[in-house]
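One chain comes next, on its own, written as structure tokens: the form predicted on its own.
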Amino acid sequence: MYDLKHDEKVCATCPSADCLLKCQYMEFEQDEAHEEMMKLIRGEDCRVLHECITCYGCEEYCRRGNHPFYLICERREEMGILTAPRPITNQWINMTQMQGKQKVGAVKERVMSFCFLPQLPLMGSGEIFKDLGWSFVFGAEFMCPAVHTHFAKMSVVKERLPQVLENFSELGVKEVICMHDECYGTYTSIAPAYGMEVPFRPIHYMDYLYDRLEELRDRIRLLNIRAVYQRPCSSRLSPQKLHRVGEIFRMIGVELVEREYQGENALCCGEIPRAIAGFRAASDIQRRNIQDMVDAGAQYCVFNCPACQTTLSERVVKFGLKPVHLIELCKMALGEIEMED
């Protein structure tokens, strides 16, 4: 079994305790935050084990790369603290079980990974993905198991992730374009944190989008719209990619409007907190988030994660915003998708 690479001395000497002080959903004084982490390290019962809603934020806030969120998940599982009712936890484990029903295209050295999200194969088409053709994988056998961190089931992650990596290795691929943000975070954050060797080069789909738009620049028609970006919890595992959103927006004529809940201060879509913290907490997160979008004067709400889009689309429409995935937005700029009036 793989063990988490966590150095307690790094936390013991931390001058900021930002991992908990910056949390959007728990409040601590600095001394309290530091002591809370030390209790966590010692395996003692503490507030964070009962109040963390698994937003991944502390992974980004920790500037020392010591993986506080993974430690929280490990301790919860060790102490038998469930984050959601057992039937929900088991449902997620069962419905993401590998069953040999994966779909594999004409795989080349570079392949698109659609994870286990049915929306992604539809997006991975058109001029942007022309050069990839039918080089893709889809199914539980290639699914990043990061979702199980939300349910404090790191044992499932440690069991399944090596098999996913082996499945890719058997295909002989050299580069994997991660069409799901969480996949990229899994291969560049979770895997190294547990000492797992990734046998390919992970490429974030936003890097691929940016490069393709550069190649297709003469075909871009500026959209001239105002938009907000709904940052998913999974992007906390790869904050170094956040700059791509602004760069892509500028390339296709989209103004990223300033608002309170963006960047490090972003709020999640609220779907996972609904199972973990309850309906009232989730509804409050969504209400504040969407009202902030409206107050900023945005026309479009741009999504990174298809799951976030499914969760919030109907809600943002009620407030007069148009929901669209980042890939769809780029296709609009290339004239492959019509803009809404």
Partner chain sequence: MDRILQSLIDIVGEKAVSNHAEEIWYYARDPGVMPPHEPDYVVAPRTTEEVQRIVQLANRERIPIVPMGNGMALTGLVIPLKGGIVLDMKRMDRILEVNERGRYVIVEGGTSQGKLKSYLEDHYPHLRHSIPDAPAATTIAANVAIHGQGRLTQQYGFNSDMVTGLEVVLPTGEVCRIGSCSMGPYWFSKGPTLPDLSGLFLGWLGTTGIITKVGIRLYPRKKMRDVEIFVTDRDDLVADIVYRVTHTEMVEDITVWFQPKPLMFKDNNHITIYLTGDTDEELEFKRLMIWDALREFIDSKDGGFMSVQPLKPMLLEMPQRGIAAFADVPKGGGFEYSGPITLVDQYPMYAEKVKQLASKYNVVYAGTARIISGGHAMMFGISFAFNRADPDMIDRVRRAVHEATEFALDLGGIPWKPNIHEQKLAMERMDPNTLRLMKMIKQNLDPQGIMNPGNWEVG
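All of these numbers come straight from a predicted model, not from anything done at the bench. Numbering follows the first chain given and starts at 1.
Keep in mind that the form predicted together with the partner chain is not shown, yet the notes after this line are about it.
- Interface residue remark: residue 189 is not counted as part of the site for the partner chain in the predicted complex, having no heavy atom within 4.5 Å.
- Of the heavy atoms in residue 278, some are within 4.5 Å of the partner chain in the predicted complex.
- When the partner chain is considered in the predicted complex, residue 87 lines it closely, a heavy atom lying within 4.5 Å.
- Although the partner is absent here, residue 31 lies well away from the partner chain in the predicted complex, with no heavy atom inside 4.5 Å.
- Looking at the partner chain in the predicted complex, residues 1, 149 and 167 place no heavy atom within 4.5 Å of it.
- Of the listed positions (125, 163, 91, 102), a single one reaches within 4.5 angstroms of the partner chain by any non-hydrogen atom in the predicted complex, namely 91.
- Picking from 40-48, 59-67, 308-316, 289-297 the stretch near the partner chain in the predicted complex, with a 4.5 Å limit on heavy atoms, gives 308-316.
- If you take 95-110 and check each residue for a heavy atom within 4.5 Å of the partner chain in the predicted complex, you get 95, 97, 99, in sequence order.
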